[in-house]
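Presented below, as structure tokens, is a lone chain in the form predicted on its own.
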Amino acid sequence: MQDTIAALDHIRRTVPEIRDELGIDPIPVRAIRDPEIYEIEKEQLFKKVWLKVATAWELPNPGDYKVKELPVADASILIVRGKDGKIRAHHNVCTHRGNKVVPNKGFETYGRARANVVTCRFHGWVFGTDGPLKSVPMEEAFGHLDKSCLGLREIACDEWEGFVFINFDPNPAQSLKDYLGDFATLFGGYPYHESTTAFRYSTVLKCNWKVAHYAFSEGYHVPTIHAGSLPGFRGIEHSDFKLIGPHASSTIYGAGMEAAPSTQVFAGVLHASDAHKPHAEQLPVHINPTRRDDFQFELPNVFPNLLIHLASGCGYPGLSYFTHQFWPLDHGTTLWEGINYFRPARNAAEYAAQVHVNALHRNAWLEDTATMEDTFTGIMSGAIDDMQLMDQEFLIRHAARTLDSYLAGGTQ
């Protein structure tokens, strides 16, 4: 264990080191305000880097699929588990005339392909879940049709710890393993796949995607914004800073979750359960390495648009981890997705407790999202040209610098 911890010493930073490396100057808001930069982001960022689009436990059986709409890449994608058990991603586009093979309802649609094929509802072209074109009605009427070249257009797809990522670049500059780098080591080994009870929330916000992302990337706001949902919160310590290539992370320590009597009752149900009680011992060895009792959660930013908050039941009672993801719909509109993950409840009492904790967390998210449109309006007014960032907002500073690197045509 000590060898592994030492091997990651190069990603750890003290506050003075963070200041030296990332600077303390204000960060310009032009990347948020300028619609032309959003167009560059689409081409040089979202169509070039690995993006998390699903989890393996969303698609447990052969034939299970998920359609995800991604306006930022001008794409509808079909993520499907084949009969060989492998998860693949394809453009959800029929190679006949471009119709969507699987119609969608909203930004995410789930279903199961019968007999491991999907059929375009327009003219009935049939594709295997692994991509090849299987059959074409009235094929002889085409004169010549090389079906071997007309399979679904594949998108690079890979998994890390059950999180499914895609890359729209036909020849990705990096494998997913290389892109995640030390992040995969730092957060690997946690039993994410055991927490299959998911409560998903989403909303469309009238703000640039980075405004939403940055709002969830720091703990500076907690004592003020969350004074309503966490009246007993006694402050947080935001420390253990880590820079991991394009990604970054830090740890939230604090207390105050026991403030509401109702929460104490429900928390007691979960804390008395071996499955749902705090499991600090399950955290990767590099997270909360001294196993502090006031550990709330680890706050990693997987560049560009994913946050995975790893709690292992130590923060919100029973909450294994939760994620945020921020999908641009256009320059000034963002789809925010928040998902709470718990281990499956074993009885009605545990389920009721999870629902209570989930509602408590949902209320905190409502408080968070209430600021974002106001922030974007303020930035778009031209009243300020820079953001003034403090130490607890270093994830924002790091993400902004990483974004600048990609917009300049490079990587990090």
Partner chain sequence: MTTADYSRLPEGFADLETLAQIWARPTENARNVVRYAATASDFAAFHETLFPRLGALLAYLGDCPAQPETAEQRNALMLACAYAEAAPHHELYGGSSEVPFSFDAHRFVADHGDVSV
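Positions refer to the first chain, counted from 1. In this text the structure is predicted, and so the values were computed from the model without any measurement.
Another form, the form predicted together with its partner chain, is not on view; read the next lines as being about it.
Trainee: Under a 4.5 angstroms heavy atom criterion, identify the one residue in A280, V126, A260, A272 near its partner chain in the predicted complex.
Mentor: Flagged contact: A260.
Trainee: Between D182, E108, E218, D240, only one gets a heavy atom within 4.5 angstroms of its partner chain in the predicted complex; which residue is that?
Mentor: Contact check passes for E108.
Trainee: For F142, is any heavy atom within 4.5 Å of its partner chain in the predicted complex, or not?
Mentor: Because no heavy atom of F142 falls inside 4.5 Å of its partner chain in the predicted complex, the answer is no.
Trainee: Contact with its partner chain in the predicted complex for L360, defined as at least one heavy atom pair within 4.5 Å: yes or no?
Mentor: Yes, L360 lies within 4.5 Å of its partner chain in the predicted complex.
Trainee: Heavy atoms within 4.5 Å of its partner chain in the predicted complex: does A348 have any?
Mentor: The answer is yes: A348 has a heavy atom within 4.5 Å of its partner chain.
Trainee: Is it the case that A173, even though its partner is missing from this view, gets within 4.5 Å of its partner chain in the predicted complex, heavy atoms only?
Mentor: No, A173 sits far enough from its partner chain in the predicted complex that none of its heavy atoms falls within 4.5 Å.
Trainee: Its partner chain isn't shown here, but in the predicted complex, which of 380 to 388, 24 to 32, 340 to 348, 39 to 47 has heavy atoms within 4.5 Å of it?
Mentor: Single hit among the candidates: 340 to 348.
Trainee: Can you name the residues of 264 to 289 that have a non-hydrogen atom within 4.5 angstroms of its partner chain in the predicted complex?
Mentor: Sequence-ordered list: V265, F266, V269.
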